[in-house]
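A single chain, nothing else alongside it, follows as structure tokens in the form predicted on its own.
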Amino acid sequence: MLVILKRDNEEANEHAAQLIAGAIKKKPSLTLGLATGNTMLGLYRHLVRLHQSGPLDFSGVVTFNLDEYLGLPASHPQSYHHFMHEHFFRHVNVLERNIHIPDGSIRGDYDAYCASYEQAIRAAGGIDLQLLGIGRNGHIGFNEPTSSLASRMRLKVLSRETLDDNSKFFGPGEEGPRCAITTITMGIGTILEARKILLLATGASKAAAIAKSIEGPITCAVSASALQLHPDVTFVLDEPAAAQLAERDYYHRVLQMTALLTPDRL
């Protein structure tokens, strides 16, 4: 596990974008797992800038998103389909056929649909690099506390805390659709199968979850603590998100030594 500490949100976003860009340049056909949410907005902005000024070529990249609200069609302004196209896909040259986002409008055999999404990941050769955010309660994807650490892609009901956090994505006076309390999400076991994992976290509201995930015990009460089981995880944090880490100075020293040995981390 590598913990990279940056001064602020902007520096963390830029560094995470540079890591992803480096991975794409190293492997143009990269299979990239993607995440949504406020934390990712700055990261995607930097990736778009790198594409437009580089250019950073996304034409061979295959993407798989972590999750989607159940009951929201792709055209809904609060769907993750809309989020990804608005903030990222329409600004870069990723091919439409290479974009995979769970379908929130499905009806019927949900288990079969989830199995087919995982099969599509396997058919693409597995995820090379999985991007993650983290919730205040330590969830990754929409794997809320008590999720099995071996869980696969499935339907998941959101906790009240996550619903409250996500309410800001809906306009003033607009209530999220009742069906959106349930999501389709990659499981923790699915996430852990990625070859490399990059978790980006910024802001003081994530500090407790980050400390539990990195320095606490591995427990289903904090889904992100399962990342301790993975052999190649990088956390990119700003100082507020790292504020409750007991070993911040240690992580600074390890980063300095690692940079000398492996300047091209991803």
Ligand code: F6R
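Just so you know, these numbers come straight off a predicted model, no measurement behind them. A residue's number is simply how far along the shown sequence it sits, counting from 1.
Not pictured, yet referred to below: the form predicted together with the ligand.
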Q: Determine whether any heavy atom of residue 39 comes within 4.5 Å of a heavy atom of the ligand in the model of the complex, and answer yes or no.
A: yes
**Q.** residue 67 within 4.5 Å of the ligand in the model of the complex, heavy atoms
**A.** yes
Q: With heavy atoms only and a cut-off of 4.5 Å, decide whether residue 133 touches the ligand in the model of the complex.
A: yes
Q.
Can you tell me if residue 210 lies within 4.5 angstroms of the ligand in the model of the complex, counting non-hydrogen atoms only?
A. no
**Q.** the ligand: the contacting residue among 236, 62, 222, 35 in the model of the complex [heavy atom, 4.5 Å]
**A.** 35
Q. Counting only non-hydrogen atoms, which stretch in 146 to 154, 98 to 106, 133 to 141, 117 to 125 is within 4.5 Å of the ligand in the model of the complex?
A. 133 to 141
Q.
If you apply a 4.5 angstroms heavy atom cut-off, which residues in 204 to 243 are near the ligand in the model of the complex?
A. 206
